[in-house]
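Only one chain is included here, represented as structure tokens and corresponding to the form predicted on its own.
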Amino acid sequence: MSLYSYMAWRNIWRNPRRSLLTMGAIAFATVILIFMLSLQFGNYSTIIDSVVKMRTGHLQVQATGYQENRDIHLAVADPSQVAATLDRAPEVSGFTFRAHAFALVSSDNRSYGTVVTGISDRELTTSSLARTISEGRFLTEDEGAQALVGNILAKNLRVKPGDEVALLGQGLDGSVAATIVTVRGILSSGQDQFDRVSFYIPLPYFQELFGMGEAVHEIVVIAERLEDVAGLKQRLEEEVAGDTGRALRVLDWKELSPGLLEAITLDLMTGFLFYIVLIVVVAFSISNTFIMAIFERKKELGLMLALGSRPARLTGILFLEYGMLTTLGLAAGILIGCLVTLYFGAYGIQIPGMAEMARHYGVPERVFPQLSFLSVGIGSGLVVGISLCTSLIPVWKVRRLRPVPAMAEG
């Protein structure tokens, strides 16, 4: 240990209570930041996972232009070739096919326009749609003229499981698509927009009714992990969408649900406002400690200047002191923050009133923080930055000290 380091270490423990309080403030801020950031990131992963499994999937393969126009003619003519590629991809957890068409649905004297969606048996393993059934049961591909209806649409139509609903639309070839289906189940997702327009029928029956042949509009892909989405998208673009003759493209969840990304960004910004308030409070605490240390040692510092010590040397010793205090507090904060986050990441946090909402949205009843290098890096980086900024104030005061007045005041 050099002489300057020894002097800085000695100066820290000249007032152990004050030094421990300073390190405690730094450690506390670090723990809070790491835990809260991990909780936010874990919550975002849960929300994204629940939304993509309910609606869009992590990725979708579509015909070029379908996302913008929703034209029934913009279909994937041969989904089996894409399916073969997906079967070979280890990052794929599951995939399913969907087809959509606008139609008029009627019961007795009530009629509403909605989007009819054809779904396959793969929905049971790739989406959370089956978990939202509040009445009746899920349908299978071989049941033919059966339907699942959102609960708000069902109330508007005044139908329940077992009732019949007339459906009228236009097929891919321009023919009239007309049929009568029996309501098999009622969907209650807790999302009004979803429950107001949901109308599902078996995919083979949909393809027959609307003259689709084997074509579908969406190949919905679920990745093993959210982190795999970017790499999987690039691979599919090269192997599937790279064939310009098939006019296909790959969209990820950010492009499919831009509103979700905006909501997460807004929430993250709101969270950072809280973190800034926390950092400011901690900054005042650290700054007060540093300044008090300067006032108590003003006579000593003045004497050192009178004996020939340069201001740069004194400020170097002070920076070493503050660096040691910050390092010790930061190390303790990172250790405690990681342990606390790992504990709650394993057992979760039960939020009162979460159970009912979780059943509606298909999300876990517990919130699980997700420890990552990003949460640790951002949390500790903010603390180091604010500690460095607050240390500049006492250092600036030392640079302005004059030996005689300093010794007289001390």
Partner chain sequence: MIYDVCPPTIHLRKGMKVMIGQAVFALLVILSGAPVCPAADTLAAEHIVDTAIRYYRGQSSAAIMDMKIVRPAWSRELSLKAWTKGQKNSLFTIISPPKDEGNGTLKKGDEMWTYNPKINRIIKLPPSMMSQSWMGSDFSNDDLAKSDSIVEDYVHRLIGAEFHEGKRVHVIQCTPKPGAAVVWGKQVLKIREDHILLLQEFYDEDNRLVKFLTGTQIEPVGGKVFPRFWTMQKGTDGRDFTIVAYREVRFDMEIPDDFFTRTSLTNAWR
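As the structure is a computational prediction, the values presented were derived from the model and not from experiment. Residue numbers count along the first chain shown, from 1.
Beyond the structure shown, there is the form predicted together with its partner chain, which is absent from this document and is the topic of what follows.
- Its partner chain is not shown here, but in the predicted complex it comes within 4.5 Å of a heavy atom of residue 179.
- Contact check for residue 93: no non-hydrogen atom falls within 4.5 Å of its partner chain in the predicted complex.
- Under a 4.5 angstroms non-hydrogen atom cutoff, its partner chain in the predicted complex lacks residue 315 among its neighbouring residues.
- A residue is said to contact a partner when one of its heavy atoms sits within 4.5 Å of a partner heavy atom; residue 112 meets this definition for its partner chain in the predicted complex.
- For the options 175, 140, 80, 193, the residue carrying a heavy atom within 4.5 angstroms of its partner chain in the predicted complex is 175.
- The partner is absent here; in the predicted complex, the one residue of 251, 291, 197, 104 having a heavy atom within 4.5 Å of its partner chain is 104.
- Residues of just one listed stretch (128 to 136, 96 to 104, 227 to 235, 332 to 340) have heavy atoms within 4.5 Å of its partner chain in the predicted complex: 96 to 104.
- Using a 4.5 angstroms heavy atom cutoff to its partner chain in the predicted complex, none of 55, 60 and 247 count as contacting.
- Residue 73 is the sole member of 58 to 82 found to place a heavy atom within 4.5 Å of its partner chain in the predicted complex.
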